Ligand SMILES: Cc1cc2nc3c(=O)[nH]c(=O)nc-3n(C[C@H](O)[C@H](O)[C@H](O)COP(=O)(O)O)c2cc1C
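Taking the form predicted alone, here's one chain by itself in structure tokens.
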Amino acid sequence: MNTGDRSVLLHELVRYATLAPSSHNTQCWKFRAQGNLITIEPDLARRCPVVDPDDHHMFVSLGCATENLMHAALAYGLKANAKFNASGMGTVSISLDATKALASPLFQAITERQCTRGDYDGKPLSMEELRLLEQAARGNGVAVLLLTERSAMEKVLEYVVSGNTAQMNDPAFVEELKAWIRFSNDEAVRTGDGLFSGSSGNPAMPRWLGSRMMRLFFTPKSENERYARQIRNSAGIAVFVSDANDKAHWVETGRCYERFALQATSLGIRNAFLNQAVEVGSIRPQFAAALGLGHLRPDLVVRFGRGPALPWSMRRPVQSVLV
């Protein structure tokens, strides 16, 4: 492969990596491509210090991007090996070696995956579907709890409501969230990032109007009612749990979640984050105790079920994330 062809291929692998999810769709990553090595590093300018003060979600996002890149590499005939480097801020190095190309169902799901924040149909999944989701979500030092009993899901709802109430009563949280909301189509296209209103089932409108409407209608009561409805029309809730509370395990959690999400997508199953109970530091240990996790940290909370797709979140051009 000549230098030009390899450059195009690396560009394409990075494009697939950037289709991964990130907190508030900040796309908090940078990529360095050199020879047979791609390095993913956190973009500190895209931190969310209020909702993510320890950068947990940022490193989970790096793990999600890593997993996408691994599947994309194999589809293009490259075996990818990922290693987390703990020095400095922390990066993921991915070496690439030639192998037989295999476009797996998870690779084919990358472009269709989305965090679908709408309502689901409330119907249960089959035992085989649950088995496949659980199998995809297992990792090195990361486990997943799949909660499908209504009593267990109601218990999770209690902590989601507590976390959401605490966050929405925090002006700093609301301001940070508002800064990443893209109220109109034009704003979403122009920035290429953030939370597009339409992706949550809300109408698109100019920022001046969206900000005013948010002040009037974005309340703890209205949001808690929405989360209650959406948990109750979900087929289940997945809770990802790490053996250790460090960046390496956060990256691994991201890889596990992304495999879960891609497997779900390939089965026609939607998913969306419900992370309030793990984002509020005072509530997280209570939530862990309620789940019987002891000292372990619950990393991510995800509802899943079948439902319609919503408008897609935007992505920035690959050139903007390449260093």
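Predicted, not measured: the structure shown is a model, and the values here were computed from it. Residue indices: 1-based, along the sequence shown.
Keep in mind the form predicted together with the named molecule is missing from the figure; the text below concerns it.
- Shown without its partner, this chain lists Arg113, Arg182, His71, His249 as candidates; in the predicted complex, only Arg113 has a non-hydrogen atom within 4.5 angstroms of the named molecule.
- The candidate spot formed by Ser23, His57 and Ser313 lies fully in contact with the named molecule in the predicted complex, as each residue has a heavy atom within 4.5 Å of it.
- None of the heavy atoms of Leu10 is located within 4.5 Å of the named molecule in the predicted complex.
- Heavy atoms of Leu195 reach within 4.5 Å of the named molecule in the predicted complex, making it an interface residue.
- Contact annotation for Val14: none of its heavy atoms lies within 4.5 Å of the named molecule in the predicted complex.
- Mapping the unseen interface onto this chain, Arg117 counts among the residues with a heavy atom inside 4.5 Å of the named molecule in the predicted complex.
- Stretch 57-65 is the contacting one of 39-47, 262-270, 57-65, 284-292, since its residues have non-hydrogen atoms within 4.5 Å of the named molecule in the predicted complex.
- Shown here without the named molecule, the chain has only Leu300 in 286-304 lying with a heavy atom within 4.5 Å of that partner in the predicted complex.
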